[in-house]
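In the block that follows, a single chain appears as structure tokens, in the form predicted alone.
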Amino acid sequence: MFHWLEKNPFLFAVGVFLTVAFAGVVSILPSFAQTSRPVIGTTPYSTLELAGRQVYIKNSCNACHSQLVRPFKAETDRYGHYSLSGEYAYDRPFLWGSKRTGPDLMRVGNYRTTEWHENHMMNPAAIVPNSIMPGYAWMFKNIADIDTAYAEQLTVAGVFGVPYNKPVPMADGSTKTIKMGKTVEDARALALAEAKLVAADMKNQDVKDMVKNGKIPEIVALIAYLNSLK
């Protein structure tokens, strides 16, 4: 029946290609769609964490630190479990990175503390000998942009359906709800409440006083973001 096809190498090659391509699409796309869904325990970023992520991007932290643990023993031994696509479900943009001048930060929240980040960001070489990372003293004075973070929340919730104010399943069977304010004033109040928890574990009195007076330094927002990377 298909002798004519066997006698025409070009059409035969096209037929094989289309058959393999169709089979690949049928087998790969459903699996890709499943693995791209949020991993159990992955939650949206809070307003403060988003503000910290914006500080991270603004200061080009992703130029020296990747957020992608590859499935190699040398990496999983150092950084923890390799990255899963569903862990990036709420990342816009992705911060995978293509270079590691410094260590990968995908799971830094599992092994660094607020106080460690505070000291490290002020004077990296004092915490990590021979570090070439510069200090970021201005983050202890600059005020985080909570309003822009809230605008991003509104965008991703409305356009991409990010589940703010909805229970998200956690690995232990419980649920967690990340709140998003109905107004920018609500967002500022939520961010300040979270900032007070971060500042409580910090030593810098100026930072503590700023938060107490209703202002959120960039360093507090950045640490909140770094602590969320697990």
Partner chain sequence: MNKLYLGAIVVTALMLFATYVSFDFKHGSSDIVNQLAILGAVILVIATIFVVVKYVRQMQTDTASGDLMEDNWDGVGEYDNPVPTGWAIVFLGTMIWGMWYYLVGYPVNSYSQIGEYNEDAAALNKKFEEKYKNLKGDELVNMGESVYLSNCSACHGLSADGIDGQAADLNVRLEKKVVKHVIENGSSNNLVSEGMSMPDRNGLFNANTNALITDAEIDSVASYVANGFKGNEAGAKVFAGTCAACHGADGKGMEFVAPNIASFDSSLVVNVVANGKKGAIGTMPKITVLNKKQKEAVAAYVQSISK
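Positions refer to the first chain, counted from 1. For clarity, every value in this text was computed on a predicted model and none was experimentally measured.
Keep in mind that the form predicted in complex with the partner chain is missing from the display, and what follows is about it.
Highlighted residues K73, T76 and E115: every one comes within 4.5 Å of the partner chain in the predicted bound form, counting any heavy atom.
In the predicted bound form, D186 stays away from the partner chain, with no heavy atom inside 4.5 Å. Using a 4.5 angstroms limit between non-hydrogen atoms, K176 is distant from the partner chain in the predicted bound form. For I143, no non-hydrogen atom is located within 4.5 Å of the partner chain in the predicted bound form, even though that partner is not displayed. Contact annotation for 111-131: residues with any non-hydrogen atom within 4.5 angstroms of the partner chain in the predicted bound form are Y111, R112, T113, E115, W116, N119, A126, I127, P129, listed in sequence order.
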